[in-house]
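The chain that follows stands alone, in the form predicted on its own, written as structure tokens.
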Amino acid sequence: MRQRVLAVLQGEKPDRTPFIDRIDFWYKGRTQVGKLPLEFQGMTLPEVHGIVGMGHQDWDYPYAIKYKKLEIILTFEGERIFQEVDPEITNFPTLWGWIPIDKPGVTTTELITPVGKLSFQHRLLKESISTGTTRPQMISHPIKDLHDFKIYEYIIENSEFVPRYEAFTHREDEIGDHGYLVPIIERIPFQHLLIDAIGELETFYMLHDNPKEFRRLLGVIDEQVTDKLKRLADFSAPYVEFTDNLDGFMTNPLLFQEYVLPAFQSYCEILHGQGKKVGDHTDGDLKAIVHLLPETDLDVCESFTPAPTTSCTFEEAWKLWKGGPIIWGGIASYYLEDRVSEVEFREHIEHLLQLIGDSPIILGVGDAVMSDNDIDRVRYIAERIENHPI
């Protein structure tokens, strides 16, 4: 499966269309509620991927960022669980991997610097644990008012790149040839502020009330992103991906053209100069910006999630992206649900395969195989592809 993915990324024709994505939500959700099929009990996630036939997609950061002159304190439901000075963080300020995911509750993070303190909160719901989607949601953001801009700028400016290439290679070896470990990069500056640092609604107010300060912070983050991308020249990988969670409702066409398009073009120029293909995690509703994505110079739109999960149809993206970007995804998890008849499911898969033909694509389930999905339908798609070489 890894070789098939690489063939598509490198403009070559694989023996089969690669079919690779994530079933961790399904696996964890079914395990949590005691409904993991007997066939898979006692198996690891990679082993389940092997049995089902879907390639094992996973993500990891090939670097961390050391935040100097920063003290970070995490408190879960009033109990301090972590404290460190000058921490090395792979994803700031989302802190995936730092926030508890084994029990519901609220985690409060404090960022203490010589110029002031910021705080924000993540919440994990009981329902998230039972469905396997154990990703805590940010319910308050680090930047709440104008004063917080300076503190956030100080944190970003006092940071340095820390390579973790050997650790990445070790994880890559663990996943093996039936999978693909995607080297990921944090969100581009506008998405960083919109989703992680300020929040969606508050970003619109800041853009209107404090455009000068907003653009200054955007520039500070851009300098950090540009620096780490240039340092990735020493990282030998054919493909890297931004974790933007693009959505045309939040990042509407006007905002996309002003803040996102130029950033992608600049960053792709750097990475393409290193011989790397560039992707973006585009699991939102792309209807409003689907026509703009070819202008970004991105090579891949990963986790593309079409209708009926979103309002953007597969056919619309397929037509507009003939010259790129390549789709990674394209099968809505909706079609793996019991409410969709077996006939409708199989007809949809046949329609997609006929439409695709031998054109370049990496098939997957957008955004991922969910806990209420039928794993036998995933197996059917894998077998259907395996039995029909290109």
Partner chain sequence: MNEIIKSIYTAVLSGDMTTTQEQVEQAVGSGLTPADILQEGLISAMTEVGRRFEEGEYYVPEMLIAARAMKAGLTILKPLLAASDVQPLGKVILGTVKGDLHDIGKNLVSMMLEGAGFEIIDLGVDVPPDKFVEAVKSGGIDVLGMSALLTTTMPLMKTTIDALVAAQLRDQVKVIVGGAPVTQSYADDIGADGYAPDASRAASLAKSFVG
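It should be emphasised that the depicted structure is a prediction, and the values quoted were computed from it without experimental measurement. Numbering follows the first chain given and starts at 1.
The next section is about a form of this same protein that is not shown, the form predicted together with the partner chain.
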In the predicted complex, which of the stretches 156-164, 198-206, 82-90, 313-321 has residues with heavy atoms within 4.5 Å of the partner chain?
198-206
Looking at 173, 127, 102, 145 here, can you tell me which has any non-hydrogen atom within 4.5 angstroms of the partner chain in the predicted complex?
127
Candidate from 9, 382, 375, 370 lying within 4.5 Å of the partner chain in the predicted complex - any heavy atom:
370
Is the partner chain close enough to 123, 131 and 339 in the predicted complex that each of the three has a heavy atom within 4.5 Å of it?
yes
Residue 237, heavy atom within 4.5 angstroms of the partner chain in the predicted complex:
no
Given that the partner is absent here, does residue 250 sit within 4.5 Å of the partner chain in the predicted complex, heavy atoms only?
yes
Partner contact for residue 243 in the predicted complex: the partner chain, 4.5 angstroms, heavy atom:
no
Might residue 137 be said to contact the partner chain in the predicted complex, defining contact as any heavy atom within 4.5 Å?
yes
Select from 309-329 the residues with a non-hydrogen atom within 4.5 Å of the partner chain in the predicted complex and write them out in sequence order.
309
